[in-house]
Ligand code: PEP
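A single chain, nothing else alongside it, follows as structure tokens in the form predicted on its own.
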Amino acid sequence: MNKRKEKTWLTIDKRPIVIAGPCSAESEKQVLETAQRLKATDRVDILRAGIWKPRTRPNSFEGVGMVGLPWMVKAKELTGFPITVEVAKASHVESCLQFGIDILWIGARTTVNPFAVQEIADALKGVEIPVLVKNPINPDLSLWLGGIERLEKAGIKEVGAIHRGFSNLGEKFYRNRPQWQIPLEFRRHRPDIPMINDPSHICGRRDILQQVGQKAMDLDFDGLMIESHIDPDNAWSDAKQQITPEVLGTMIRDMELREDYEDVQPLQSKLEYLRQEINHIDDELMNLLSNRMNIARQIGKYKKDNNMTILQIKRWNQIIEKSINHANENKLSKEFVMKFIAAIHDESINQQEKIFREND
């Protein structure tokens, strides 16, 4: 399916649709003031807040729980915003339905577990409510699509996807690497499903939110989910990636919204679409190479400090052998892979030589 279908929901008169609010609901006052200030920007369409927060460490703040749901309802009454909350299990769904939450979303830590997604889907059988599904933490397109399919099999007709990037141990620039080719591939499979970008969780910091949000708009995403807090520096969770409602309003106002590529005939061709995919993969390759050279410089410093030679021939032979095996397994020519890995190795040596020459 190459041609995008008309969206069945989450369609509004303007683009992008903006979902905004604090990472975590902390108090009634905080939720209500955030909602009112977001309303004043005239740029936000849906209010979000975390009520239950799945955290890695047990002593971290895990959300206020059900006590926060009435705050969200009151915020809706004050502003008219539809409200959305993250759910991770059936009891969360039941509580949200009890309080009339308008839209649910499933977080990355839940999407990665098919049993948890199925539990949520079972709890929603017979219920008409939109559900957004974030990509899983790891770059697994099938898991993401599978989460959507489980909800659809349970009878949920209004589903959407949220791209929030993917965890990578060696990542230095982003909090979660965007890997744009994966949401693009998702849309190739399911062009009928709205795609929201979450620059807050991709960036992990404020200074590049605009850059990532703009790229999502350039790629024809349907909207943005952005974390906004009245006092970001003192937020109880994810402080570094949150912005005030006023900054958010300016960010959205300053975005360039280009013509939807579906209406631009030259971009309709399969060739142009594939070229766009190549561009995004190339971006990822450059990011990976940058990370690799950073490690090479660390190795260079270690070798210098320990009076070791830059070239370690045994290690280089291991790299060659491994690369040839990868070439055979992935239908790549041995000649191409050797040229590629040799160029990387040469640059790694150059980087280490610079370290050796420092202070000489």
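For every residue, the number given is its place in the sequence shown, counted from 1. On a predicted model such as this, the values are computed, not experimentally measured, just so you know.
A second form of this protein, the form predicted in complex with phosphoenolpyruvate, is not displayed here; the remarks below concern that form.
- Of the stretches 108-116, 213-221, 140-148, 182-190, only 108-116 has residues with a heavy atom within 4.5 Å of phosphoenolpyruvate in the model of the complex.
- This chain appears without its partner; in the model of the complex, the one residue of R37, R43, K304, K53 with a heavy atom within 4.5 Å of phosphoenolpyruvate is K53.
- Contact annotation for C23: at least one heavy atom lies within 4.5 Å of phosphoenolpyruvate in the model of the complex.
- In the model of the complex, none of the heavy atoms of H92 sits within 4.5 Å of a heavy atom of phosphoenolpyruvate.
- Although the partner is absent here, R164 lies within 4.5 Å of phosphoenolpyruvate in the model of the complex, judged by heavy atoms.
- At a distance threshold of 4.5 angstroms between non-hydrogen atoms, H229 is out of contact with phosphoenolpyruvate in the model of the complex.
- Contact annotation for 80-95: a single residue, E86, has a non-hydrogen atom within 4.5 angstroms of phosphoenolpyruvate in the model of the complex.
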